[in-house]
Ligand SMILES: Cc1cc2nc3c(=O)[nH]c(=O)nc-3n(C[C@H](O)[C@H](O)[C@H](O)COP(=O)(O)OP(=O)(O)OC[C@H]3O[C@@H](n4cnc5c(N)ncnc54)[C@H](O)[C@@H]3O)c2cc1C
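First, one chain by itself in structure tokens, the form predicted alone.
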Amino acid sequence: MTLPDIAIVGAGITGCSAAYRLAKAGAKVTVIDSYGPAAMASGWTLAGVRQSGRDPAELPLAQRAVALWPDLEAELGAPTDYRRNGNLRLARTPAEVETIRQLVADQRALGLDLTFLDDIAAIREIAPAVSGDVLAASFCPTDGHADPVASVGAFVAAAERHGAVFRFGEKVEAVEVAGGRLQGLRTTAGRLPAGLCVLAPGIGINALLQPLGLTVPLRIPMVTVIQSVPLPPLLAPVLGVASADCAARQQVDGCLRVTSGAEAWHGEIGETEDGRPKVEPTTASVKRTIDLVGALLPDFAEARVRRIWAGLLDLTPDALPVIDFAPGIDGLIVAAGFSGHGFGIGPATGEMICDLALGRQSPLSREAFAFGRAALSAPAAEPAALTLHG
């Protein structure tokens, strides 16, 4: 079988895991990114690896990813800092208790190992540092977290060993199509012919699709992220809350990484001193995040701060991604709209994209991720509830 030359736009975990799978299968792969690996969403994320709280349509993809994560360091030959220490989703009010109770019932019915914890003593057996004001929680022991930059870098290095080429600091200006067939890409460095292209540029997806008469309906909210200096061990699982207004995890190096919920974005993206993109949160969002997380983890309220930044979400109306061929264009795959929880499923998404690109039958259904699904044609509908930690 002769495989087409494949171009991938975007070097986040989606693009890099797909590059690895495709290169390993024998395809000639070129990845183009305006900045570098994990420069935006994949590097900004909390980096949870979870099944709990997933949409039922996305749960099989998350379960497949959780099956892959433990062996990735050995497979890729580089650290990911993956730890499987569970996920606690906390309830702070009676209404949130009922939300968590229903979540547990619904997801247990789908076969997920999820437990309802109805008192603080049971919660503190798992996370002793949690505040006594918490009323209840769900706990999924097979969830976990990883280092986002290290994980993406591991996929890059492994893809390169299989012959993939990464072109960083190069911007894709247009997708070239003729007669309903992909021809290649036009970039700031010239023209790149390709028999197949995967578009995985995060919030930049519509800048490439709209000239082709296509769009993925997106809202782009902001999430504030705060990282502490290294602290003694406080938190093994990832923490979330029923209303998704904050989350926290402790990195392998001891730093706490905490996030807000979705907030209005001011619309500006700057650059760091080394030329990577940055989004600056507001003082109000920083204070709100400190207050919310500090109420759950009292030790965090007194921690010294190492870094503060913000991330952006490519949020679809149903909070599910598009993983599908672009309608009417032979050879163009869209992988976008991961809605703030694409990191954890990244290894399985890469498999799904590889199967799609090579014409293989995927063991997982892609129906919920179709470009033409009903939710994407009604963007004014009430958006899906957010689950922002992974």
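So that there is no doubt, residue numbering starts at 1 and follows the sequence shown. Values in this document were obtained by computation on a predicted structure and should not be read as measured data.
Another form, the form predicted together with the named molecule, is not on view; read the next lines as being about it.
Between the options V156, L114, V223, V241, the residue in contact with the named molecule in the model of the complex by a heavy atom within 4.5 angstroms is V223. M40 is the sole member of M352, M40, A65, L332 with a non-hydrogen atom lying within 4.5 angstroms of the named molecule in the model of the complex. Against the named molecule in the model of the complex, the set D33, G36 and H341 is in full contact: each member has a heavy atom within 4.5 Å. The closest heavy atom approach of G48 to the named molecule in the model of the complex falls within 4.5 Å. Although the partner is absent here, A164 sits far enough away that none of its heavy atoms falls within 4.5 Å of the named molecule in the model of the complex. Interface membership of H266, defined by any non-hydrogen atom within 4.5 Å of the named molecule in the model of the complex, is ruled out. Among residues of the shown chain, P237 is not one whose heavy atoms approach the named molecule to within 4.5 Å in the model of the complex. The partner is not drawn, yet in the model of the complex one stretch among 297-305, 281-289, 204-212, 156-164 has residues with heavy atoms inside 4.5 Å of the named molecule: 204-212.
For the partner-free chain shown, E170, K171, V172 of 149-174 come within 4.5 angstroms of the named molecule in the model of the complex, judged by any non-hydrogen atom.
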